[in-house]
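Taking the form predicted alone, here's one chain by itself in structure tokens.
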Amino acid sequence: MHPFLNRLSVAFFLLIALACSPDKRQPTGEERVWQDGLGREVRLPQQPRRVMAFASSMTEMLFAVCDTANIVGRTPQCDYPAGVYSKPIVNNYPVDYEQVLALKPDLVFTVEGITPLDVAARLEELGIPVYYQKYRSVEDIFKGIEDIGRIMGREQQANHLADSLRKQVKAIEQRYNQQAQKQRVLTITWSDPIYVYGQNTILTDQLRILGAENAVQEVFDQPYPALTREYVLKLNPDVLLGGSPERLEKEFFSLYPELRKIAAYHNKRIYAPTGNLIERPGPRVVESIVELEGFLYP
């Protein structure tokens, strides 16, 4: 089919779906009104039965809390737990509205910064509510788990999981809350330009729990700011995360040879965290903290 005709076909499908979808803007006796993490009012079925998430971290939360029969889809990035592979894939970058509509979810969960608000508005016009969560700390993740439990009628499972994770974090924190000298950790996500985990990321709280600190103390507008080599040299981190020593030698230090002066390079404190642990604010956050603990206190 010609690309122009294909676009017309998709647009026609969406118009028909919009025309035929029920108006969920008016509350009914079978609906409840929730306030999501962005302060938006979201009208949901009294008991959602078909749900999915547009963020892999939230897909992990759903599998940890919900009856898996209620989870109707996954994104291409979802790779944990193994049960995700039994679910159909829905493109989320960009969102494939036709795929979403075909799965008929009662609710789509997502995370601040993952799904643009205009995409959420379009889905809600099509009769599919979108519920955002946002996280600024490890505790916010646990509250998010409990939040899902309340919405999905799985409070007991969610509260048990959140309480168990809290206890594990508290035990770790108690081991390091008297650290006199805090290790300064810089975590890079890209080499050219140099993008890093900023102060306003959950990693900062994970490091605090471990008696360490994010080398990036300045708060930038973006959670993952781009830094100059001069800025990194001034930070002089004790620990560098982002890849194996061999990989970073080839892909990072070869580009910025002057950064071989930093303490992390000089003391061979360069480590490769597991990507789908450090990147995802989900129920495996304690596993991520334990992995970081191994880097900081080998």
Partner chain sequence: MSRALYFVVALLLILATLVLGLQVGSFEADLATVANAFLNYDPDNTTHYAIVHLRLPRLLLALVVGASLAFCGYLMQAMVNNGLADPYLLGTASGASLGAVVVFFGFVEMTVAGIYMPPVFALMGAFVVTLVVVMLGYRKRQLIPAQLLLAGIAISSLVTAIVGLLTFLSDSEGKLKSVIFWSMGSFERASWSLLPYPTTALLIALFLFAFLQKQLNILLLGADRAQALGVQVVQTRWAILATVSIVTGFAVATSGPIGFVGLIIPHVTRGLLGTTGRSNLLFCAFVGGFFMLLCDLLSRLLYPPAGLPIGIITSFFGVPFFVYLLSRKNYKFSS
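Positions refer to the first chain, counted from 1. Because the structure is a prediction, the values reported are computed rather than measured.
Not pictured, yet referred to below: the form predicted together with its partner chain.
Under a 4.5 angstroms non-hydrogen atom cutoff, its partner chain in the predicted complex has Leu233 among its neighbouring residues. When contacts are judged by a 4.5 Å heavy atom cut-off, Leu117 does not count as touching its partner chain in the predicted complex. Although the partner is absent here, Thr228 lies within 4.5 Å of its partner chain in the predicted complex, judged by heavy atoms. Heavy atoms of Tyr176 never reach within 4.5 Å of its partner chain in the predicted complex, leaving it off the interface. Of the candidates Ala263, Leu38, Ala272, Leu255, Leu255 is the one whose heavy atoms come within 4.5 Å of its partner chain in the predicted complex; the others do not. Figure note: of the listed segments 188-196, 158-166, 97-105, 80-88, the one touching its partner chain in the predicted complex, with heavy atoms no more than 4.5 Å away, is 188-196. In the predicted complex, the residues of 200-223 lying within 4.5 Å of its partner chain by at least one heavy atom are, in order, Phe220, Gln222.
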